[in-house]
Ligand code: THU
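A single chain, nothing else alongside it, follows as structure tokens in the form predicted alone.
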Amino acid sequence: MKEVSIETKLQVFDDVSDLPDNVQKLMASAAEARDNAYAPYSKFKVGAAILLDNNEIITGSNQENASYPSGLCAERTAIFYAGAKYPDAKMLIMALTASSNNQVTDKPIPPCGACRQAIAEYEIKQDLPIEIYFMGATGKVVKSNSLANLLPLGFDRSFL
């Protein structure tokens, strides 16, 4: 037997105001998208904004459904729309923010597993890492230079 260690490096910013100007703008777009979320069941609203290499900003918010599996997370709403509308554009930066009507969300909230897998697909497709910034409604912001930091040992087309 051999033991293997996997290390992840992330950057943590104390506040949105500590982010580069372009990321502050992107996070503001994510917050606006979050405010448009349809979350009558969970009361948990998420917004995503993606900066493409053509300078377009694509946003998405979570969209719930009484039949829970039929809803869609903000990250996948945005990434699938970007892939459909601009199939040749590269996704450079993704900003995520989440809030809850039930509790204060002041800790960074990362993408769920399904969203990580979807983001990984596009990162592999474009052969370029996607910087991901995530936060709650307020507080610290975490930056990952690549989805691979959030999903080590990911599943991709090389296994098929």
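Start at 1 with the first residue shown and count on from there. Predicted model only: the values in this text are computed from it and were never measured.
The same protein also has a form predicted together with ligand THU, omitted here; what follows describes it.
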| item | value |
| --- | --- |
| Candidate stretches 49-57, 124-132, 87-95, 111-119, one within 4.5 Å of ligand THU in the predicted bound form by heavy atom | 111-119 |
| Proximity of A78 to ligand THU in the predicted bound form, heavy atoms at 4.5 Å | no |
| In the predicted bound form, S42 touching ligand THU (heavy atom, 4.5 Å) | yes |
| Contact flag, A82 vs ligand THU in the predicted bound form, heavy atom cut 4.5 Å | no |
| Any residue of 60-79 that, in the predicted bound form, places a heavy atom within 4.5 Å of ligand THU | N62, E64, C73, A74, E75 |
